[in-house]
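Next up is one chain by itself, shown in structure tokens, the form predicted on its own.
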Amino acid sequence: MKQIFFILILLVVGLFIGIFFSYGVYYGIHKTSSENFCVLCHEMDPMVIAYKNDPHGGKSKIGASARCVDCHLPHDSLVNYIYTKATTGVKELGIHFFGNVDGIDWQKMRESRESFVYDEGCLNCHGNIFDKKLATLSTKAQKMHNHYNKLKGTEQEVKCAFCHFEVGHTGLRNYLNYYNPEHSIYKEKMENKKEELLNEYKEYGIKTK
């Protein structure tokens, strides 16, 4: 009888620990999944401005927007989602506090954009792109999406971001140039444009100085 009672106590304690742990994980994920959390890092200012200038940031007729985590984290499984979120977060924090943020070549990093934009995030909202009756898609777009499907799972597989170059961040190349010009001859002009942007977008957490 004592043994049964002891097992029951263990089960109850384990249940409460499980609930407490699950709630802690859920709370942590929820609090770190908003765009307000992502824009805390100053080095992300050009990306925030480009996002706000894009339909995915709410600049559309309907005003709906996607969150950063909708596109930049995998959604194939909860375990992979949490693992990628945790490892990416630790890496980003390390760079923010101990790395050379100003030395990051964001233009170069854009070349590997397919590694941090996940197709399942795109298809969660745009799963109807393979519908041949979708009138809003041009014949060329339908042809390219069929090609995407044909290559899926092969060594030649392509990702959405391969073709949709600035998806989610309209004008990103220009905004990055305002902060760190690719050509020094435009430095003064870019600096003036940057000042305009700082004031225009400061309501979104962009630091004016």
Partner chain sequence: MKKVLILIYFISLISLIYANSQKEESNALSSSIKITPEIKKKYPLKHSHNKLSLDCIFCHVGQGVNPENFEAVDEDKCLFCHKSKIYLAKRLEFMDTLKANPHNSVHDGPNLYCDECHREHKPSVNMCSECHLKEIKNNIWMKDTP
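Residue numbers count along the first chain shown, from 1. The shown structure was predicted, so the numbers you read here are calculated from the model rather than taken from an experiment.
Here the subject shifts to the form predicted in complex with the partner chain, a form of this protein not shown in this document.
Candidate spot 140, 184 and 189, all three in 4.5 Å heavy atom range of the partner chain in the model of the complex?
Yes, all three are in contact.
So which stretch, 44-52, 159-167, 59-67, 30-38, is the one near the partner chain in the model of the complex (non-hydrogen atoms, 4.5 Å)?
Only one stretch passes the 4.5 Å heavy-atom test: 159-167.
Please check if residue 114 has a heavy atom lying within 4.5 Å of any heavy atom of the partner chain in the model of the complex.
Yes, residue 114 is a contact residue.
Give a yes/no on whether residue 132 approaches the partner chain to within 4.5 Å in the model of the complex, heavy atoms considered.
Yes, contact at 4.5 Å.
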